[in-house]
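Given next, in structure tokens, is a single chain: the form predicted alone.
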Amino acid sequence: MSAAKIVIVGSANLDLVAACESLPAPGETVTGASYAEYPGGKGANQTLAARRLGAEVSMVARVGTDANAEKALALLRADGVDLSRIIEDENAPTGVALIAVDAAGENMIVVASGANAHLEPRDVAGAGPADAVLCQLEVPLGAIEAAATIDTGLFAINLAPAMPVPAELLERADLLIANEAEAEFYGDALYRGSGLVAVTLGGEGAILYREGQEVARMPVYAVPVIDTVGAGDTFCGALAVALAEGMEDGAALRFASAAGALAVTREGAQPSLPWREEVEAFLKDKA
């Protein structure tokens, strides 16, 4: 089987991560943290996830002309992602995410979008054809609406972070992905189209719906949790790859859930993303 061709339209950031014993309450200062930098951004994370899971991936994004740009793209470049559609923005810095992670793997994140906020529809034009196009909401809606016009077999949106989205864009999507809080934000609007809707439920697993009816459900895999940053993005990239390859709904959800489970067992967003052979071995072990 030939590799699925996927275009991802989204954000590329540099993650600045402080690992601490406990997360601060409002107004509290927590000391004694360790510090690390990792490539990140929902778009770039999902891009690398899809690439490591066997897809041929092209990313459409904007970065600055600063030193953080190369750091943000380093793992994508190393793993053979097509970066020919990355635009260098001379008027904005590369996006950064300020992340605190506690000893239990829970996190708090503040994103400074930088160049991501300047992605335009013209940047997206001509990015296809592809077997799937995957977007998130860390870039302007105009770019996502342009992505919906790419010649593709599957148009998918990860509805994160939650924000108002035109009803026609939700209904156009072949796949919508949301966590429990995001699903609550969108309510019934999530289920008005004819495409699939994946809702992740944290420790309760994930459910796949079509036209409001459950078509598949996966309980969470029990694994040691080191860092949850990037797990949701891994799930999104994996589900897009699985469906683009033609897996049936239940198998696709199982594949995505396994990939997401492996991602929480390591530190960092992109460094934690699993390879295809790891996911397949994990699934074989759980069979």
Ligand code: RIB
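Each residue number is its position in the shown sequence, starting from 1. Everything numeric here is computed off the predicted structure, so don't read it as measured data.
One more form of this protein should be noted, the form predicted together with the named molecule, which is absent from this view; the next part is about it.
In short, of 52-60, 243-251, 216-224, 35-43 it is 35-43 that has heavy atoms within 4.5 Å of the named molecule in the model of the complex.
With a 4.5 Å cutoff on heavy atoms, V229 counts as touching the named molecule in the model of the complex.
Contact between A143 and the named molecule in the model of the complex is not found at the 4.5 Å heavy atom cutoff.
Although the partner is absent here, A97 lies within 4.5 Å of the named molecule in the model of the complex, judged by heavy atoms. Taking the partner from the other structure, the named molecule in the model of the complex has no heavy atom within 4.5 Å of any heavy atom of A263. Screening A162, A104, A125, I109 for any heavy atom within 4.5 Å of the named molecule in the model of the complex leaves a single hit, I109. Heavy atoms closer than or equal to 4.5 Å to the named molecule in the model of the complex belong, across 2-26, to the residues N13, D15, ordered by sequence position.
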